[in-house]
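Only one chain comes next, encoded as structure tokens, the form predicted alone.
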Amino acid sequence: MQITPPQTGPEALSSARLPIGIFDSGVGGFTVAREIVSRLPDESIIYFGDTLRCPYGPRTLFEVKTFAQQISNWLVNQQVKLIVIACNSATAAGLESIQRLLDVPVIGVIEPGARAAVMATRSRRVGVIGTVATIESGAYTRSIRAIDAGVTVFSTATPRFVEIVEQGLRLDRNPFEDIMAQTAAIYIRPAFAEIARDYLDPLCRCKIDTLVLGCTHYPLLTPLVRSVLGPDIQIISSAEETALDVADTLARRGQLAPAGTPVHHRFATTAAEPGDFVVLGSTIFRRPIEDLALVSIDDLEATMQPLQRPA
């Protein structure tokens, strides 16, 4: 395998100042974006939320792969130096094909979460929750077992959790409050707890000791999930692990932004009415969303030739 050495000289400095591209089907990926800008404060990002076509979870893997390729191409046209697929469904459906198609590094959220789960489990019995598309893809099971074939994975789709997250965010409309400090009050409600028990009790009966939150919305539900699981089960969110992968990749390529680089975060969405994207996104991101572009589906479709449907 040919190894590309880190860039050096003026060209490397120029590329280091380029932004990081991050995308999700909506606002859940802001949990990943928040960890990246917290760990890498000199980096600028472009965050794309495909709100008009959200949620991806109930869609076919082919549809999600197509959407992911369109957005990745759009981000490349914005001159990003690295792309993060901050969506488990899109990672499961499109990561490999996008990595083959693009010249910039592309990082998904599944492998970092799988790696953290393998390191955390002692019983080697790991649970995974996520959208229908993520769970049906089997991506977490493959990733976890590729790291440790002795780990048993128990997976269940929890599609109503995304709905709960967004309901909770709408109950707290102040975008600059520390949402994580308030989630216990927002999400631990009898109706939400009943849904969580229906989803999680079967995993508890499987005697898991580690649970992977396989959707970027789900970290906001940690207090709710913890109230059902109890204190002894480790809860894994891939956001922090993904940020570590981004930092390591850029460092190895010599593309970390120099200290003191002016930071400019940009945002884009397919939403015709972006009010919810701005309010919910800024609540999760903990920063105001100001430089916002509206991108049409026609604009995205124009970035690529239609994929050939599988036979």
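Counting begins at 1, following the sequence as shown. Keep in mind that this is a model prediction, so the values were computed, not measured.
Here the subject shifts to the form predicted in complex with D-glutamic acid (DGL), a form of this protein not shown in this document.
Undergrad: Exactly one residue in L203, V162, I233, L95 has a non-hydrogen atom within 4.5 Å of D-glutamic acid (DGL) in the predicted complex; which is it?
TA: Exactly one listed residue reaches within 4.5 Å, namely V162.
Undergrad: Does the 4.5 Å heavy atom contact test between Y56 and D-glutamic acid (DGL) in the predicted complex come out positive?
TA: Residue-level check for Y56: yes, a contact with D-glutamic acid (DGL).
Undergrad: Classify T131 as contacting or not contacting D-glutamic acid (DGL) in the predicted complex by the rule of any non-hydrogen atom within 4.5 angstroms, answering yes or no.
TA: Residue-level check for T131: yes, a contact with D-glutamic acid (DGL).
Undergrad: Which one, 67-75, 213-221, 118-126, 189-197, holds residues whose non-hydrogen atoms are within 4.5 Å of D-glutamic acid (DGL) in the predicted complex?
TA: Correct option: 213-221.
Undergrad: Of 83-100, which residues get within 4.5 Å of D-glutamic acid (DGL) in the predicted complex if you count heavy atoms?
TA: Stretch hits, in order: C87, N88, S89.
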